[in-house]
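One chain comes next, on its own, written out as structure tokens in the form predicted alone.
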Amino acid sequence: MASFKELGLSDEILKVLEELGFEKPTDIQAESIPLLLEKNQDLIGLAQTGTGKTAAFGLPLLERIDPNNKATQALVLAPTRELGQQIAEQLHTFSKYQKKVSVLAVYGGAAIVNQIKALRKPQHVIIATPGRLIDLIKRKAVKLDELQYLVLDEADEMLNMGFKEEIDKNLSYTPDDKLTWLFSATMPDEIKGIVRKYMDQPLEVKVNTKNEVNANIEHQYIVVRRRDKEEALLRILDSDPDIRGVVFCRTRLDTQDLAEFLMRRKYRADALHGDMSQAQRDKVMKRFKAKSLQVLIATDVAARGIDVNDLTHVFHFTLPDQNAYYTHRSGRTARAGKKGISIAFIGSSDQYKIKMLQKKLGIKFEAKEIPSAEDIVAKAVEKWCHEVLDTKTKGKLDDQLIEQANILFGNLSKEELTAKVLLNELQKLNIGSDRNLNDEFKQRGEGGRSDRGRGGRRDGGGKNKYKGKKKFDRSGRSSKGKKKNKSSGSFAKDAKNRYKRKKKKA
């Protein structure tokens, strides 16, 4: 594969790419950049999410801008404000050593007055969402009469979101002799219609056009009942504190509910969806990029602007309806040559979807089980013990404080002190119970009365295994208040009870 230097980029751009650690261009970059630099022709670039399309059109665009011409020379249309912001940020970064090239992102959800004010200054490149651009054109805040380059990014997604009419209207304000560069993951009939109407004998670059998934992604699925999905996610997060990822939900309500569930349990999580104000969305993304958040809960549309290179996991709380969306979701991890894991939470009736994804996308899924409470606690104890052992105390504590603690703990044996301190640490874990979610699923299956918490487990003949008047709720207590089992429902409390019984026997 060619290097960036061989693609014909300027020294100013190459210097930035070197600082960013970009060593080799991706396929779409290697094929598109030379054509966009040398040819005065329209171009269609087909490639999946996460393949570096922004640099593929952004670098040649910056090379072609004349900083001495104050007119708006390039327009990039993007489906979402998050993606628009991301493109603007990258173009700002790429143009670091160039003579002043002005770039501005305009989008809905932000004060239009501020954007109009910014547009009074020369803006060489404007990145816009279709609806907001129409508003600005109507207010005569944007002039596109000298436009030379038009980029339609994520064109298929813009059409999926219903922007066909807005795209037509936006393009009607642009000169006929401009160059049009269209980048998309797929090529549906509506895109072909845009090509026929607005493009003139375009060059075509096709990379990864069969909806292929990044080979560096490990695909897994977990069969779990709907009511246990939240706890399953908690256990996975607890099993590896280095996880950093995105959890995809189907609806805005599901997204907000799951984020609130995690935050109540003190996890570093937040939501990203269309009902949030732009200021709220910006704040969440800023925290996520700064690693103040461990996981981001998002809808498919809201996640379009997420471009973070060090995400370890993608979670599908619900599988998407379209194969392309699975590719888009999974493509949020394993970027910049790194590896990543994609985990789908499914019910037993959804296993056919896994088979279909394997067949259609040419990938292989591995079945995984939910980590047990015992395994999580064992890992947490080992990690905590190593942290304690590695802690340097010399010269960091006042001798009087150490003496005071020794006096207070003086009547405790080493074993008793260890047990108390360890139990205190275990109580910080978020494990709600020590149930084996995998065994319960296998025994009861998904659905039926048991899954909805309305009755006991059914035997193979379909009859209720628990006969008589007693009914048991999820805590294991009968309706008369009599204990069904010895478990308190809390792993930390059970550990404490076991310790007390062991001490009494001793």
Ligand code: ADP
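Note that this is a predicted model, so its numbers are computed, not measured. One rule holds for the numbers: they count along the sequence shown, beginning at 1.
A second form of this protein, the form predicted together with this ligand, is not displayed here; the remarks below concern that form.
Contact with this ligand in the model of the complex, defined as a heavy atom within 4.5 Å, is made by all three of F22, G52 and D307. Checking A336, M187, M356, I134 for any heavy atom within 4.5 Å of this ligand in the model of the complex turns up a single hit: A336. Listed residues N160, Q148, Q86, N170 were compared with this ligand in the model of the complex; Q86 is the one with a heavy atom within 4.5 Å. Stretch-level contact analysis of 307 to 315, 247 to 255, 104 to 112, 288 to 296 against this ligand in the model of the complex, using heavy atoms and a 4.5 Å limit, identifies 307 to 315. This ligand in the model of the complex comes within 4.5 Å of no heavy atom belonging to S32. In the model of the complex, this ligand lies farther than 4.5 Å from every heavy atom of N438. Among residues of the shown chain, S372 is not one whose heavy atoms approach this ligand to within 4.5 Å in the model of the complex. Although the partner is absent here, T180 is not a contact residue: none of its heavy atoms lies within 4.5 angstroms of this ligand in the model of the complex. Counting a residue when any of its non-hydrogen atoms is within 4.5 Å of this ligand in the model of the complex, there are no hits in 220 to 253.
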